[in-house]
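Only one chain is given next, in structure tokens, and it is the form predicted alone.
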Amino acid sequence: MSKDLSATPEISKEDDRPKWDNKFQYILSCIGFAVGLGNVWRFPYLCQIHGGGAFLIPYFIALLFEGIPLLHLELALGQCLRKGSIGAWNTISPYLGGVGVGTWVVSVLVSLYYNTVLTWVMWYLINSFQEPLPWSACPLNENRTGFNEECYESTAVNYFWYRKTLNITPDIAESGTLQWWLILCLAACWAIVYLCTIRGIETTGKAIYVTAIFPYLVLTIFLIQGLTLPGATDGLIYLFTPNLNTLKNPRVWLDAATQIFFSLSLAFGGLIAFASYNPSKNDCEKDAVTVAIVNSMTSLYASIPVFSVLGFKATTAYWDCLDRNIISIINEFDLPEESIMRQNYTTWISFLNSSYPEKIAGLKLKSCDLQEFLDQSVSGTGLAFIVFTQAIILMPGSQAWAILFFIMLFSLGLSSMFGNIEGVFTPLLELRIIPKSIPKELLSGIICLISFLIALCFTLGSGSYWIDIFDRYAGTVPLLVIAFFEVIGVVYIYKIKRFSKDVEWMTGRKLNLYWQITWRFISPLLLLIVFLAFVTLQMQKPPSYPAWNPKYVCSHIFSELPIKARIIYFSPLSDP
């Protein structure tokens, strides 16, 4: 059933297929696809909650035995066959055609909600040009007699995100209305994606020089600025101090494996499509190792400025807490100003507690602990649109830093969108159901237009809830299943010996024992274990999603201090 890849003459002699302008353009495209928003807002979070530097142990083990082997397999497959995901798997065996269709469907679904995240980024970027920043203070109420109640009960950054950006509904059952500002930003995002992908790699190859390189420039600027902020050292110590006891927790190993898998954008079909535009004689082994290492080093590099800024935010919040307590004590005991300072606060508290315990208890002072502020961990949109925006407000020249930050996020997301769209675009070009007379420009336009119309549902008041569900399920379990069958298909259906000969023909050297063992045993076994562990964890608790409901008040983890907020958790599968 399967076919000998290297023996197919039409593959190596195909001259009308587009080609990369140079090797650097191809590597940049793969890096841009792999390095995305998760490198900035998920990897640092995982390091923080899973023992700091100790998390790097399972992370690099997963990189060595899961990430790099699977990346090499996809790049070698696409380069040898010079076809997109559907065509490649049908060529190997008609029985594996479903693997290609699966990657195509996942790329479509992920593209829909991923570009909506870029819509939010664009909205924040536009608002970053205002002075002062619109999320820096609560607006007045309708009577202009005080602050807006919903904003006052939470924080200005929460209010701008949940009400001014999402205009969120209380739960997923209430759809709400389409938000015109998000529709305009969504249309602009898809228009930008269309212009960059209008002729496939012929245009994305040019845009990638900006979208893949610019984020590193911004990260470096943030790194320099972040290290000069007070509290930056505390943030970095907190991030990288190893707690080896956390390695006893199976969840740490599961999160490390899934982070490597999703961070490298495996099983989306985009990498196969990118590699298919390479010449047949190309060192795909070296490419895989290069892309994987750059991706992981980028995650580590991004963690430093992120936690420098978060350390600054925690320190500022800690100082504010101390200052409030100091003012309360000075007023209560009628002490001279500046008699109590941050430096001698602990000494004064010990003295007053022993001398006037009842008075101190009556003041109901806040518990000020720097460690507690550093422990306020969050990832994803919570980090980008709430925690980091709150930290930016406290930085000198906050408007410029906000603009840089959201341009960086947009560039990261856009370069990842190139890979997603390529995973959709390339298979459609190769399918016979699409007439060859249809130009690339029209096909690309149709894809973007249909995607825009479908993605309008994410601009509803309940749209963020659906994105959360899509992110949890559309881009997790399906990818693990697809990757597992990719390895099984190559190793045990096409046969590893034949595939090894194809790779040797392309690279000019034999595959070493590392690739043989990982492809045959370790990688499929790891994928199976991760899949079973993921499903087991999902079964242990009912599915739920966070909701912003003005009728509820509780403590909020994103705030500087324990203050009123409106986050509750709903289960979409609860009994009526």
Partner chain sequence: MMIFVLTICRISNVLLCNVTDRVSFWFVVTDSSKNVTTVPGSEVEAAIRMNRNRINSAFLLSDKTLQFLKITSTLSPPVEPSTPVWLIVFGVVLCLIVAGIVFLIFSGIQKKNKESTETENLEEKVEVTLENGIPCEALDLKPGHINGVFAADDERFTSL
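Numbering follows the first chain given and starts at 1. No experiment lies behind these values; they were computed from the predicted model shown.
Beyond what is shown, the protein has a form predicted together with the partner chain; the following relates to that form.
All of F129, A191 and D334 within 4.5 Å of the partner chain in the predicted complex, heavy atom check: Result yes, every residue of the spot touches the partner chain.
Within 4.5 angstroms, counting heavy atoms, which one of the listed stretches 215-223, 463-471, 439-447, 314-322 is next to the partner chain in the predicted complex? Going by heavy atoms within 4.5 Å, the stretch is 439-447.
4.5 Å heavy atom contact, Y356 and the partner chain in the predicted complex: Y356: no contact with the partner chain in the predicted complex.
Find out whether any non-hydrogen atom of Y494 is located within 4.5 angstroms of the partner chain in the predicted complex, and reply yes or no. No.
Close approach of L363 to the partner chain in the predicted complex, 4.5 Å, heavy atom: Heavy-atom contact with the partner chain at 4.5 Å: absent for L363.
Should S93 be classed as touching the partner chain in the predicted complex when contacts are defined as heavy atoms within 4.5 Å? Outside the cut-off, so no.
Using a 4.5 Å cut on heavy atoms, which of I172, I330, V294, M395 is close to the partner chain in the predicted complex? Checked against the cut-off, the match is I330.
Among L431, L195, L244, L453, which has at least one heavy atom within 4.5 Å of the partner chain in the predicted complex? Of the candidates L431, L195, L244, L453, L195 is the one lying within 4.5 Å of the partner chain in the predicted complex.
Taking the partner chain as it sits in the predicted complex, which residues of 164-188 have a non-hydrogen atom within 4.5 Å of it? Please list them. Read in sequence order, the residues that approach the partner chain (within 4.5 Å, in the predicted complex) are W180, W181, L184, C185, A188.
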